[in-house]
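Shown below, as structure tokens, is a lone chain in the form predicted alone; questions about how it binds or moves come after it.
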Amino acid sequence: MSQAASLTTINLLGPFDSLRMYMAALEAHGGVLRIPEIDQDAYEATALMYRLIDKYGWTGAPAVIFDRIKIDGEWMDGPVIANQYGRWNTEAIALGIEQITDDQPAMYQAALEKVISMADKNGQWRTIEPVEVERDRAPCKEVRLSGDEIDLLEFPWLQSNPADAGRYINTGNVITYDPEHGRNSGTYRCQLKGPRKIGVNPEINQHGWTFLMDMKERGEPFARAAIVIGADPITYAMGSSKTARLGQDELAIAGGFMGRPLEVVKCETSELLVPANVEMVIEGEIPFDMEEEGPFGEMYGYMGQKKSENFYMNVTAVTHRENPWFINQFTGVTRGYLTSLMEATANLTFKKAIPNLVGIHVPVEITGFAFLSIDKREPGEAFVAAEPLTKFLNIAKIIVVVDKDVDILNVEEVMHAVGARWQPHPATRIIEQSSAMRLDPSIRAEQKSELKVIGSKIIIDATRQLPEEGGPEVYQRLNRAALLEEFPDVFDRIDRKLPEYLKNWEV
């Protein structure tokens, strides 16, 4: 029996109190591939993840558990977990959808609908304040290390790409506290620089960067921080997405989504409160004298540039579970966290500005795109609907607007609509200057300043063009729609026969 499945009771229904409970459920649903050992000095783990995505796609590849992994010439015990939020049905498992299937788009849609239903009438998320527990009740305190006992190099943190600056802790929620803004939890790449030293990289204008810069400007000598490794799916997603606004507590919002207070515990060397059920907590101090960091393979699938000045943390304590589990995000290769929480936030937020909005989807497998579906009634509505996204959704460089009959979770359907319903002129609008992503490898040097990045964006109106927009008086029906109008039960009939047709078919 596997380590995950050996838990006395496997709760298949989220939300889960820990990463281990979630992984047990995921394995019970057949979503985990176990690899007894792999040589990362030869970058075999990285190559395996690429091959799994090549074969099964971004939303079909399994989670992977590496039991042993070779790093810097040594075989280290794991488990090291990757792609644990790859499939879309992981969203449904984590959020407690009862009927789990392999229909990935349906599972994602079910998760999205459940999350949206949890908002109040004003589109705001419920919060439940965390509850503090004693240290002896916190699993993350089973082992406590301080001073020379700490050697982070002994743990199986990976270098995912030979062009990276080194090994990285890239799935940690970095928790900081500021008297003006409150608590913040954000996921930032952290370069392993030595036994007790870690680089910390919040990008400019991310909440963590704002916290640290505000403290620096107030003249504080350093910021206390804790890097939390191996949180439950919802708590981890809170630190990895844009669900919370500046000043909102991600841990309280996590409690709201889970329906119960998140248990937290006090750090060993500071007053910071951190989730108690995590695998590891790395405590430390972030001074404000910067040093170089990177490069690192980033989310666009391109190498991020080396930074001449970046934050770093001096480690003061490490606490962890007995035999802790480790996680590596193969950034730019796999999905990194639950996205339904962030996407539901975007849908609720933009619904206020786009009354005829049907849905927004930001596909992680093609970074830079955003798909917007509307219930179109008037000419020009596609451009009006897309305008708020150009201003407030930095990652959306190519915004494709489609009619409500197009499934925005299906990239092929969206691209089919672009090919069949879009005329580049006049159904295109280019915004020459708009906020952009600093990590976008196409951004030119003159588009970057110290505090902001200005790029360009394009809106593609792939809706059916009305006569007032130059479209035909009568828009032709889809072939499939014509079939269903004449024979509405034809797919039900063929679905009943399909198992018989396919029983002798071999791939």
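From 1 onward, residues are counted along the sequence shown. This is a predicted model, so every value here is computed, not measured.
If you look for the form predicted together with a small molecule, you will not find it shown, but the lines that follow are about it.
The chain is drawn here without the small molecule; in the predicted bound form, the stretch among 201-209, 152-160, 133-141, 280-288 whose residues come within 4.5 Å of it by any heavy atom is 201-209. For the chain shown alone, residue 239 is a contact residue for the small molecule in the predicted bound form, at least one non-hydrogen atom being within 4.5 angstroms.
The shortest heavy atom separation between residue 189 and the small molecule in the predicted bound form is within 4.5 Å. At the 4.5 Å threshold, heavy atoms of residue 394 stay clear of the small molecule in the predicted bound form, well away from it.
Mapping the unseen interface onto this chain, residue 170 counts among the residues with a heavy atom inside 4.5 Å of the small molecule in the predicted bound form. Only one of 235, 319, 340, 184 comes within 4.5 Å of the small molecule in the predicted bound form through a heavy atom, and that residue is 184.
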